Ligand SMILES: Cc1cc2nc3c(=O)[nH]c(=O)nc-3n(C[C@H](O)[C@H](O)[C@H](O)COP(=O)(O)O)c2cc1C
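The chain below stands alone and is given in structure tokens; this is the form predicted on its own.
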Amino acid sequence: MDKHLLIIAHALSPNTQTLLKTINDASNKSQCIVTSLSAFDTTPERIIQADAVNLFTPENLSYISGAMKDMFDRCYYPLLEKKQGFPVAAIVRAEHDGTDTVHALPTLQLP
């Protein structure tokens, strides 16, 4: 059975779009089905269908993007009892060192 990787991204600038394309290209070389969605287009149902999620966010004011925070706000409770122990990875495109953004991610983790 094929595994499904969902990449949830907020990539507006040319630099983040280039990085997202690189992430997609590398992921597509794996032996899984890869879907990439904007954080705004992500729904709990799409996350439920995935076997793993890769979050991609730029660092904005030492935090995740507003679009990514919105996705967490909309999806957290519908997923709370459905995706315990679910594999999630994160990539932060940081202007500085990304430390604050990376530290914030575990407090926002998907269930």
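In case it trips you up, residue 1 is the first one in the sequence shown, and so on. Keep in mind that what you see is a predicted model, and the values were worked out from it rather than measured.
Beyond the structure shown, there is the form predicted together with the ligand, which is absent from this document and is the topic of what follows.
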| property | result |
| --- | --- |
| Contact residue in the predicted complex, chosen from 91, 23, 94, 88 - any heavy atom within 4.5 Å of the ligand | 94 |
| Candidate from 61, 52, 33, 48 lying within 4.5 Å of the ligand in the predicted complex - any heavy atom | 61 |
| Heavy atom contact within 4.5 Å of the ligand in the predicted complex, the stretch among 52-60, 23-31, 39-47, 75-83 | 52-60 |
| Contacts with the ligand in the predicted complex - residues in 19-38 whose heavy atoms fall within 4.5 Å | none |
